[in-house]
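A single chain, nothing else alongside it, follows as structure tokens in the form predicted alone.
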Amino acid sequence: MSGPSSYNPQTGIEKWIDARLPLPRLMYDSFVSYPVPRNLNYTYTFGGILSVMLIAQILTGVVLAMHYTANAEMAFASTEHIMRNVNYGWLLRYMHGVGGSMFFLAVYIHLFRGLYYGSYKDPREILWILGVIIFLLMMATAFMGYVLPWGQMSFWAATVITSLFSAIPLIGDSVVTWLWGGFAVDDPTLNRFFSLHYLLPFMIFGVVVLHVWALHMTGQTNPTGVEVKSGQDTVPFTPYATIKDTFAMVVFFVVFAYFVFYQPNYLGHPDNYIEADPLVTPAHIVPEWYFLPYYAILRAVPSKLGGVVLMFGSILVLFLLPWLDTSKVKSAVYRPLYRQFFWILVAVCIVLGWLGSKPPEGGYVWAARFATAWYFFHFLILLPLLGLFETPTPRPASITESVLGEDGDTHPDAGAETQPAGAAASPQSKG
């Protein structure tokens, strides 16, 4: 927690506003004086990057919605109209489309950073759960947005994925009929998906506000996993964290701009530039790249219901993670065995993504089964056992010690930039 507010309004207008709606005080306490651990590295900048990306996606999406026609007969043509006739429509669409991919790239880095540094552990369980809810809402939003261009891959991906709900006992067929708005993917389906795709980002924004609120209540974790013990362990958010976040955002948006201007269709599928035809099935139906690991899990078992259960279970298991990991040590820096298994998990997830892009036949299916089994083994068996048998390495007594060392020299394993000692001891850093 940041402690008592240090905001001091100077002018009469500031005092008048502060007495009636203390929004400037809230902004100052949250983004200027808010104390953050002094040893944060660049993996912690992706939270800010995601906030900016969310705003960019909402703004470009609102403008695109002004020109899009949610009608099965006109959707594909309206998409072409945006690209060819709307002023800078091509830029808006590429920013929105590539932005979705970059959004998921940043989310996956943010997620694996949380797994590595134990950001889900006491007292941050609710913070983690809110993050997983955001992830689920993002996946729903992205899937529905993928359908809107009404190309071949959009149409058939919608048909295949929504048909999976029919595997749910008793209510499955009714759920599919409701999703479709009839008995096939058609105009009512497109209208439903467009409405939800427009609505869900604002729901995501609301949950993000709760996520940030929970973060400020519990305080930010750090690479050592040691909680803040004194004012010397922290530095003010501005300028230390803002400078680091700004630099990371510049680098991230350079990559983003490269894809927007030079490779806008690199992550897409060529079949999606053919108008949807219910009578012609693509040779190989695949979702967007960020869904490929879950698509591989879905196809790993011959049972339709089993595949659906495993696919949703691979996400739902993340909700249980704070209680599955029995170790009292947060950071993988001091957990030698867990650190090795963490990187194996990263490799397994990458392999699952690659397998999701391959046809479900031969060795690909067996490889997907093995990778799926390992994914669940990691969370359901390995994590509980590691907490009981793993011997962690000695941890520093404080964040300051991890950065400077006991004798005041730079610690060789700090893993982050060292801030000037004077800055860390300044009155502002005590929040």
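All residue numbers refer to positions in the sequence shown, first residue = 1. What you see is a predicted model; the values in this text were computed from it and never measured.
There is another form of this protein, the form predicted together with protoporphyrin IX containing FE, and it is not shown here; the text below is about that form.
Although the partner is absent here, His96 lies within 4.5 Å of protoporphyrin IX containing FE in the predicted bound form, judged by heavy atoms. For Tyr290, a non-hydrogen atom is located within 4.5 Å of protoporphyrin IX containing FE in the predicted bound form, even though that partner is not displayed. Put simply, Lys358 is far from protoporphyrin IX containing FE in the predicted bound form: not one heavy atom of it is within 4.5 Å. At the 4.5 Å threshold, heavy atoms of Thr79 reach protoporphyrin IX containing FE in the predicted bound form. Listed stretches are 367-375, 386-394, 26-34, 62-70; the contact stretch with protoporphyrin IX containing FE in the predicted bound form is 62-70, by a heavy atom cutoff of 4.5 Å. For the residues Lys121, His197, Lys244, Arg113, the 4.5 Å heavy atom test against protoporphyrin IX containing FE in the predicted bound form is passed only by His197.
This chain is drawn without protoporphyrin IX containing FE; in the predicted bound form, the residue among Trp180, Phe237, Phe259, Phe103 with a heavy atom within 4.5 Å of it is Phe103. Of all the residues from 120-151, those having a non-hydrogen atom no more than 4.5 Å from protoporphyrin IX containing FE in the predicted bound form are Thr141, Ala142, Gly145, Tyr146, Leu148, Pro149.
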